[in-house]
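We begin with a single chain expressed as structure tokens, specifically the form predicted alone.
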């Protein structure tokens, strides 16, 4: 591998980008950084502390303090030394995180953190990695899938079947609304980079997606593929 190798993995909710990035990072022995967790962390702490997102000055001061209590590691996000990643995955946190992500000052603070951590090489996934966070990444992937398949995946991720409060159709509608918010926001919208490799994962297994990624890296002479078999 030619280091430092930066790989950007973008895509909408439910496209499989997180799982693919994690698997790819393990194969290449690179840190895997999920930028969405940072926004979810800020949203989670704001919800826990009952901070008013509409009070911009107060919220920005809160964000500054919140970031000092967290650490972003390959295995997830830690708050006061404890892994809080599982607490950040809920749809309620995701809805607030989407609002947080639309705030320019918050994005600027987190952008600097993301770019600093990426210097030593990483696989980074999110919704604006190839266009904003790592525009100079050697390889950019944009994962997608049909709306129904992405909604189904999100629905299956939530809770055991007996505890699900939403129907599959409701989840599909929520994913569609999330797509709209992320694509239409003024700052760093969800957008495919012009030089990104698009992978439609609708009918692919995760290992098949990763295999395609590895072949792209091989074609660009960034890795020796045989080393990862």
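Numbering follows the first chain given and starts at 1. The shown structure was predicted, so the numbers you read here are calculated from the model rather than taken from an experiment.
A second form of this protein, the form predicted together with a small molecule, is not displayed here; the remarks below concern that form.
Using a 4.5 Å cutoff between non-hydrogen atoms, residue 39 counts as a contact of the small molecule in the model of the complex. When contacts are judged by a 4.5 Å heavy atom cut-off, residue 35 counts as touching the small molecule in the model of the complex.
Proximity of residue 45 to the small molecule in the model of the complex: non-hydrogen atoms within 4.5 Å are absent; the residue sits far from the partner.
Proximity of residue 140 to the small molecule in the model of the complex: non-hydrogen atoms within 4.5 Å are absent; the residue sits far from the partner.
Stretch-level contact check against the small molecule in the model of the complex with heavy atoms at 4.5 Å: of 93 to 101, 79 to 87, 115 to 123, 140 to 148, the positive one is 93 to 101.
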